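Heads up, the chain below is alone and in the form predicted on its own; it's given as structure tokens.
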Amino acid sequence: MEIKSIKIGNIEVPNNVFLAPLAGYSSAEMRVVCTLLGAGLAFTEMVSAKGLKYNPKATNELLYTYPEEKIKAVQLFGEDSEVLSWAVKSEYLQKFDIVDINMGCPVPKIFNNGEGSALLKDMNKASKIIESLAKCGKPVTVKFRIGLEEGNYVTKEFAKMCEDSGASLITIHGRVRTAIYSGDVNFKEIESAKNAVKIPVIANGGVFTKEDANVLMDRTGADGVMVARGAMNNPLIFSEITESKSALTFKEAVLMHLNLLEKRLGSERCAVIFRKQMAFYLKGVRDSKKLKEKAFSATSANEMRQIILNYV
């Protein structure tokens, strides 16, 4: 794929390989590591606009950032345009340069609240949300799926609506809501949206290797790719796709992630939170099952660190 800068509103992003917003995973620490390894843009975890308004202490932790994040991008979810607008204008989001709206989350709890992918079936409400956020002064992007179920695709129409409502960029996950994260990516649907709009289109889904990224770009004609689970397994995927010299080895990247998290949260809490991430980092490592069990029983960052130093 051609590596190139991308213009999102008045902001120029250094390259077109993005880290996806990953609930429970794309913490500030992961974003710093992935950015250092070549990600052009990295999004926060999915943040509830209502949560930010009514339970800011808990929700605000998801908004922690580091100076190394030169361009800061937050992803919000919600179905109330007024609450979403309030969130964007609030003090909590002032440090963010770009606001992404989640219109693709397939999780039942989100969907049943009329949020995430549920907005695919209410284009008027989705449009109102985008319009209201676009008036807040920051570039607005939208991440959505190709439809709710196979054969009932809304990709092209939804993409045009996003553009007409003021979105500066769209990211399309090439699966329907019922597929969750499995099955083939529908290249044709992403291509149909790319051909229908003038704003940049980022393709998402199934990128675990550089070859996957090349295929996704070639088959869709998209302007860039977004990496999700592939980055959870291997953050060096950004160096591989961009063909840039890796700033870190895999072990160094994992240690950096752990060390930053420990500095922010302390040893014990860091160990607990890092367990699920270690499960991904240990994939493919010899005796990974035993090592995962060891990691999930770790009660300090140093115990976790010894596993990394000795086995990763």
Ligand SMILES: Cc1cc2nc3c(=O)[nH]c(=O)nc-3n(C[C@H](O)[C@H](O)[C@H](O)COP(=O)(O)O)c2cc1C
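We number the residues from 1 along the sequence you see. Just so we're clear, the structure is a prediction, and the values are computed from it rather than from any experiment.
Beyond the structure shown, there is the form predicted together with the named molecule, which is absent from this document and is the topic of what follows.
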Exercise. Would you kindly say which of L282, M46, V32, L265 lies with a heavy atom within 4.5 Å of the named molecule in the predicted complex?
Key: M46
Quiz prompt | Contacting member of G78, G205, G224, P235, with respect to the named molecule in the predicted complex [4.5 Å, heavy atom] | solution = G205
Quiz item: Counting only non-hydrogen atoms and a 4.5 angstroms cut-off, does N102 reach the named molecule in the predicted complex?
Solution: yes
Quiz item: Is there a heavy atom of R175 lying 4.5 Å or less from a heavy atom of the named molecule in the predicted complex?
Solution: yes
Practice problem: Could you confirm whether Y25 comes within 4.5 Å of the named molecule in the predicted complex, counting heavy atoms only? | Solution: yes
Quiz item: At the 4.5 Å heavy atom threshold, is M304 in contact with the named molecule in the predicted complex?
Solution: no
Practice problem: Please determine, with the chain shown alone, which of 269 to 277, 56 to 64, 38 to 46, 245 to 253 has non-hydrogen atoms within 4.5 Å of the named molecule in the predicted complex. | Solution: 38 to 46
Quiz item: What residues, if any, in 130 to 145 have a non-hydrogen atom within 4.5 angstroms of the named molecule in the predicted complex?
Solution: K143
